[in-house]
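Listed next as structure tokens is one chain, alone, in the form predicted on its own.
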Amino acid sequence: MSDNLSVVICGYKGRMGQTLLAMAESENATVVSQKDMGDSLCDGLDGAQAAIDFSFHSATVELVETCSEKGIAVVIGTTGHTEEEKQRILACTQKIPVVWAGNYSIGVNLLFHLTETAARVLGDRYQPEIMEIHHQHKKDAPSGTAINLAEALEAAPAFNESNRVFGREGDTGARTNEEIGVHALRGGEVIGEHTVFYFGENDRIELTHRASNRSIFASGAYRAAHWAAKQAPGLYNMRDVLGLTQTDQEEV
């Protein structure tokens, strides 16, 4: 069992924030402060070893910069950051460890690993499409997880970011083998579902992860916080946390 971790929960009024608060004891963590949009970050952070942020992308920058001044590790669960926000956050990784992931589910991060492996094996003989489904309240699209899945595909030589296609409308012409289709569905109270399709001429491969409870994300975020608190300054993701190393496999 890991040592008890002193944490700050940011975005505590939201669904994930409430889940994090409820699970703190079972995840061997003590919440020393809880913050939400509009709250001052000037107090309540002293003594914290890590901050877990599931607030909103515009609030993440101030949190990370404040934690950078205080030497507190940060786990970022927000998505939809502007380029300026990204650069300000990245600058702070020179001073503190930051785990930044689109999804903290251990199962989803295994999906990233399998997606990259499949893309390297299949190459452009199979055409990849990503579909994600979330509840009607989610404000950004596509999800950070869907973008991470696209990045996993792009680790294979056959694909690159310039060939992403977000949805299709009108006379788009025939699909090329190099495309990566990304599609977002919204409705109801779906916690999160992601599928990567590989379409071949005579068969189809599907890799799917379905979340049935937000506790999987909270548990992964706590695991990341425990890990990050012991790391040197730098930018990390959940593959680093889980020890999933990327291998340079030749395309088959």
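For the two forms, the rigid core is made up of the largest set of C-alpha atoms that agree within 1.5 Å on superposition. Just count from 1 along the sequence shown to find any residue number. Source: prediction; values computed, not measured.
Although not depicted, the form predicted in complex with a small molecule is the subject of the following passage.
Asker: Would you check whether the small molecule, in the predicted bound form, lies within 4.5 angstroms of a non-hydrogen atom from each of Thr93, Val98 and Ala225?
Answerer: No, the whole trio is out of contact, none within 4.5 Å by any heavy atom.
Asker: Met16, Ala24, Leu242, Ala229: which sits within 4.5 Å of the small molecule in the predicted bound form by any heavy atom?
Answerer: In short, Met16.
Asker: Would you mind picking out the stretch of 146-154, 176-184, 124-132, 73-81 that comes within 4.5 angstroms of the small molecule in the predicted bound form, counting non-hydrogen atoms?
Answerer: Going through the listed ranges, the match is 73-81.
Asker: Decide whether Val32 counts as a contact residue for the small molecule in the predicted bound form under a heavy atom distance cut-off of 4.5 Å.
Answerer: Close contact is absent here: in the predicted bound form, Val32 is far from the small molecule, nothing within 4.5 Å, heavy atoms only.
Asker: State yes or no: in the predicted bound form, is some non-hydrogen atom of Phe199 no more than 4.5 angstroms from a non-hydrogen atom of the small molecule?
Answerer: Because no heavy atom of Phe199 falls inside 4.5 Å of the small molecule in the predicted bound form, the answer is no.
Asker: With heavy atoms only and a cut-off of 4.5 Å, decide whether Ala59 touches the small molecule in the predicted bound form.
Answerer: Taking the distances in the predicted bound form, the answer for Ala59 is yes, it comes within 4.5 Å of the small molecule.
Asker: May I ask you to check whether Asp36 falls inside a 4.5 Å heavy atom distance of the small molecule in the predicted bound form?
Answerer: Yes, contact at 4.5 Å.
Asker: Given a core-based superposition, decide whether the C-alpha of Lys95 shifts by 2 Å or more between the shown form and the other one.
Answerer: For Lys95, whose C-alpha is compared between the shown form and the other one after core superposition, the shift is less than 2 Å.
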